[in-house]
Structures are given as C-alpha cells and as structure tokens.
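As a starting point, one isolated chain is supplied in structure tokens, in the form predicted on its own.
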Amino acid sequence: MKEELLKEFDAWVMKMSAYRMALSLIGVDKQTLAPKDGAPYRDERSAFLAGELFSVETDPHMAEVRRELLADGTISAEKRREIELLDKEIGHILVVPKDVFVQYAQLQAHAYEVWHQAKDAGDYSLFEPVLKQVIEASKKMYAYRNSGLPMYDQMLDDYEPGMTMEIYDRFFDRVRERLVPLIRKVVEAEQIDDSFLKQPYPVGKQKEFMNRYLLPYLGFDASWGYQNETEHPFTDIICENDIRVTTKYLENNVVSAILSTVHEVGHGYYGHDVAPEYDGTVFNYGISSGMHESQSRLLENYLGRTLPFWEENYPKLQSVFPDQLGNVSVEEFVRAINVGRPSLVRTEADELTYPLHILIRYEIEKGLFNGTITAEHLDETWDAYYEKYLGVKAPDARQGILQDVHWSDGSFGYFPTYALGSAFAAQFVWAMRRDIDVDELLRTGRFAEIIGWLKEHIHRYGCRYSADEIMRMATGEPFDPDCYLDYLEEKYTALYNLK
C-alpha cells in the first residue's frame, strides 16, 4: 500500500514540475527576447497554465495521499520532509478560489509590463495604479489563509521560513547601529579614484570579455547554463542541467555586467549542484531566498571583488580594454571596485551601503502592510528614506522607486533576504577559508574547487535541511550576523585607512 502511495505521490510531483517548467520558460522568454506587443496573448495563456497547475497542486485526492503517507511511521525522514514542505506550500494556495488565483497571476504579468513601461519613461504615476492593485490583491490572497500572524510576517516566512519582523528588526537594528557611523567615516575619508571605471566601455567588447574569459573562468558551461540579457538581471533554474542566467550591460560601467554575472552564476551553481535525485522536487525549487542569495552574494562580493580573483582575470580585461585600463594596476582596479559611496541604485551599490538599500525597502514594505504607508505618492516616501539613510535623492523615478522589478509581481517580503543572504555568506566564507586556500585557488584559476566546497557543504542538500541546519552543518556554528558586520568594518577600515 505504501509503495503504491509513494508512486502516486512521485508521479504527482513530476506532473507539477512539467507545468512549472513551461511557466518558467515562458517567464524567461518574457523578460528577455519575447516581442512586447505579444504580452497580452502570452499573459492570458500563462495565467491559464498557472490555473491548471493550481488544479493539479490542490487535487483533493493528493491531499489524502499525503495525509496517509505522513501517518505511516515507516516512510524515510527525507520523504517526510518533502511531503511536509509541499503541504505547507500548497496549504497557502488551497484556501484561495481558483478564479482569484488566476486573476492574480494575470495581474502579476500585466503589472510587469506596466512597470517596464513606467521605468522606461521614468514616471511613477504610470505604475502607481497597478501597484495599488497588486498590493490590494496580495492582501486578499493572504487574507484567505486566515492566519493569526501579521500579514507581513507571513510574507517574510514565505521567502525565509521562520523569519519575522521581530527577528529582522533586531538584525537591521544591528546593521543600522554599526554601519551608519562607518559609512559616515568613509564618506569623510580621502576618496578612492574610480573615475576610470566610468569611461565608455563598448558593450561589444564587454561581451567579448564575458564570453571569452569570465564565463569560462567561472566554469559556467554551455552544456547546462545559458546567459541572456534583460532589464533586471535574474536567474531561472529550469532543472539541474538547464540554468538560465541574465545580465545587463552598461557602456559607462564596465564592472556592472561583470559582477552581475558573477552574482547570477552563484544562483545558477546552487540549482545545478543540488543532488540530481532532487531535480523537479521542492528540495530544489523550494530553497529559501536567503540561502539562494547567500550563494550569489558570496560569489559576487566575497570572491569577485578580491585581489586574488582579479590577479587571474585582470590581465584579460586589460587586453580587451587597453586604452581604458592599460595604465591602471590591478591593485588600483580592485580598490576602485570596492569603493564605498552612498548611491541610488541597489544593484550597483557597494558592499558597505548595500544593506541600507535593503533596510529602506524593508521599512517601506512593513509600512505598506501595517497601514502607515500607502502607495499614493510612494515615490516621495522612497526619496525621503533615501535622503534619511544615504543622503541621496533620485533625479527621476527610474533611479528611484522604479529601479526594482520585485513589487510588480507582489514579491513583498523578498527584499530582506538580500541582506540576510549577505550575512549568511560571510559565515560560509569564514568556514570555507578555514578548510581550503581560497585565495590561491582564485589566483590560479581553480574556481571549480571552490564550487566543489560549496556543493559539498551547501548546494547538494537543496532545502532538505533548514537554513539554520545547513549553517550549523557547514560552519559548526549557529548563524551570527556579527560575522558579517565584523567583515565589513574590517574591510572598509583597512580600505580607507580609518582609525
């Protein structure tokens, strides 16, 4: 009896993965190559497919199958964990009427198109009405859960299980307490020259460096990985051997596409290196956002901004851009790509100020769902927070409230995981450096050995274990945000010769 139930369960999981694959591929296409005028047709049919997936996920018979399996004391701990994770995920949508779910999916797709148009125009007023709709629709979706928890706590838990406003408040209080004074000292210190990074760097040449040198160095292989371009870089993991990453090239910022690519490849490796038997299951696609961001931020910042990384790669970049970089030493280049300076755009922010970009978004999201902030003139609220924490103000909404895509699809509660992931990464790197000579591997082009450590200690498990369990398994210690803040203080105190 148990074996038959397990076969039925696994067939159901495979069927869901087929729908998810189709929707993922459509989504990647939508944000990269698809003609914009075809959006209404695609969006309507994508919403229909989402509705069909909804029907499969919420099949009452499969709910009974899961109940029977969980009541069987002989199923493995791994299979029990898989069923429990799916039960939690599906429980959140089971209470939502199908027509409401499909309408929400269609609204998400439409809001993305409107966001893109508004960003191109730099005009928040174009996006404001649909953002209001997304916020209200999100509230309606969560209200169906009838949970006793605050709505924003539920959102935070969806992206990082176990996280609440109380926990994040403590985390961001530490960030504010330790980094705001440090940023002030950095701003007042003698500044590092990074002007040579802002020259024209032809995009065609940037792509030459990317494809000829950087992607091969990272080991991002065309047999399982594919890179494209988009307005807002992202990674989509179709399966173990079909990883789609994207980047964005800026002619007057040569480092942007490079570090964006290193970041997204970090996400890609996580999906590629999960144990093959977990492909298509919740153990792969259900990895918490904080854990995923820990791997992308680890590659981007803890590896991609270091001198050893560039001792191997900088001569190649110089060969592609001799006029711009021929007289710039590798040490000068590395100092420049680590400059700490308050700025407007999160994705271009340095390590030091980045957590404050996230803090701002966290405070706004909390306000949107506790009633202290509204979407009405939210661009002005955004600007006020940026002036308060970073002392800068966007000249237009494109560099302000419209810079991120996340709110267009209702991803409220996601942003805090970027800062959390950066903090996770600091502790993982500490443990990795204890075990292997990371700098020597970087400077000698043995990047695969670094990925091997990450695969062994983190990637292969997917979300078979919780983030806290993986942290303890990989490092031998519970999560400690001071590891991250100590790292930033030590790095920027040395970089700017602070007392």
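Given the structure is predicted, the values throughout are model-derived calculations rather than measurements. The numbering used is simple: start at 1 and walk along the sequence shown. By rigid core we mean the largest C-alpha set that fits within 1.5 Å across both forms.
The form predicted together with a further copy of the same chain is left out here; the points below concern that form.
Only one listed stretch (463-471, 40-48, 439-447, 59-67) carries heavy atoms within 4.5 Å of a further copy of the same chain in the predicted bound form, and that stretch is 40-48. The candidate site formed by Leu33, Glu240 and Gly280 is fully in contact with a further copy of the same chain in the predicted bound form, as each residue has a non-hydrogen atom within 4.5 angstroms of it.
Out of the listed residues Tyr217, Tyr144, Tyr226, Phe196, Tyr226 is the one that sits within 4.5 Å of a further copy of the same chain in the predicted bound form by at least one heavy atom.
Think of it this way: in the predicted bound form, a further copy of the same chain has a heavy atom of just one of Arg297, Arg361, Lys119, Arg244 within 4.5 Å, and the residue is Arg244.
By the criterion of a heavy atom within 4.5 Å, Lys491 is excluded from the residues contacting a further copy of the same chain in the predicted bound form. When a further copy of the same chain is considered in the predicted bound form, Ala222 lines it closely, a heavy atom lying within 4.5 Å.
In the predicted bound form, at least one heavy atom of Asp29 sits within 4.5 Å of a heavy atom of a further copy of the same chain. Contact annotation for Tyr19: at least one heavy atom lies within 4.5 Å of a further copy of the same chain in the predicted bound form. With the core held fixed between the shown form and the other one, Arg434 has its Cα displaced by under 2 Å. The Cα shift for Gly38 between the shown form and the other one, taken after rigid core superposition, is 2 angstroms or larger.
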